[in-house]
Structure formats: C-alpha cells, structure tokens
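Listed next as structure tokens is one chain, alone, in the form predicted alone.
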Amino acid sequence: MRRIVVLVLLIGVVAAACGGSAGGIEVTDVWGRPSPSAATNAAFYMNITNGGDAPDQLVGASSPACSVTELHEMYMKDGGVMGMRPVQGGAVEIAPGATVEFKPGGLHVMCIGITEELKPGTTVPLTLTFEQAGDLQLEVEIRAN
C-alpha cells in the first residue's frame, strides 16, 4: 500500500512539473485576450489532447483572476446571429486520440467577473478539472490581439 501511495505522489509531482499534462490529457497553447480595467468578463483558449486510451471530460475550471468560470460555446441563433451559452451538459468530452480546440468563436473558458486587469505579457493561473485526470494547473498567457 505504501508503494502505491508513493507512486501516486510521484506521478502527481511529474505531472505538475510538466505544467500541461495529466492522466493522458495534454493542454497546449493556453492564452487569453487582454481586457481593459472596465471590462467585466474575459475568455481563455487552448488545445486539449487526450493521449490516453479512455475518454475523459473537462468538467470545470477555476482561476483567482475570475469571480466565476464556466465552460462556454458559441452557437448560431435564429436569424444568423451568434450567441454564447454554457456548454450543454456542463462538460466537454475529450475522446481518446482527439484534440479539442478552444478558440474564439467556439468553445472557451469564460472568466466572469475578472478580478484584475489582464495585460499583454502577463499570465494568470487556471485550473482545469477533468473527470478522470483530475485537476491540471496551468498558466494563461495574456496576448495582444
């Protein structure tokens, strides 16, 4: 039993050191747009790849830069107008071997009630929570448009 605990702790340390992967899940190109101090919301984007043999789901996110975070998607409303809403079912499926792109005009992590101005060249912490892989700590690079 002790060996299992040590192994689990070692895996956690290695995953944290990589800063972008856990349990077969790899997250790359994590970024957000700058926001003026008057803005109340922002969005974070990334690519999530499941290199494992089993499906996983992104079920949540959190950041001290946000009062609330939600998984959102853009969709086409009646009349050809784009709308935004929380993802249906509250989770994003990441199939084995697949990459899901979070990008402007599509899926994104919505930062509601930003707690600090997001300036180009800075980073903010973001934790993604996966059903199987657990929590993954990341840094969001704030980029000029």
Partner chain sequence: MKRLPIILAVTTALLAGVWFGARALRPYSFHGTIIQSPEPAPDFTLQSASGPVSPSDFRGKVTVLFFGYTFCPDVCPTTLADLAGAMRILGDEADEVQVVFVSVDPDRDTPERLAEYVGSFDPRFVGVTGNEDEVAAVAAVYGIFYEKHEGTPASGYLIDHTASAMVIDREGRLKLVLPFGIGPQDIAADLHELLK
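Positions refer to the first chain, counted from 1. Just so we're clear, the structure is a prediction, and the values are computed from it rather than from any experiment.
We do not show the form predicted together with the partner chain, though everything after this point is about it.
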Problem set entry | the partner chain: the contacting residue among 41, 62, 49, 57 in the model of the complex [heavy atom, 4.5 Å] | 41
Problem set entry | 4.5 Å heavy atom contact, residue 70 to the partner chain in the model of the complex | yes
Problem set entry | the partner chain contact at residue 88 in the model of the complex, heavy atom, 4.5 Å | no
Exercise. Does at least one non-hydrogen atom of residue 81 fall within 4.5 angstroms of the partner chain in the model of the complex?
Worked result: yes
Problem set entry | the partner chain contact in the model of the complex: residue 112, any heavy atom under 4.5 Å | yes
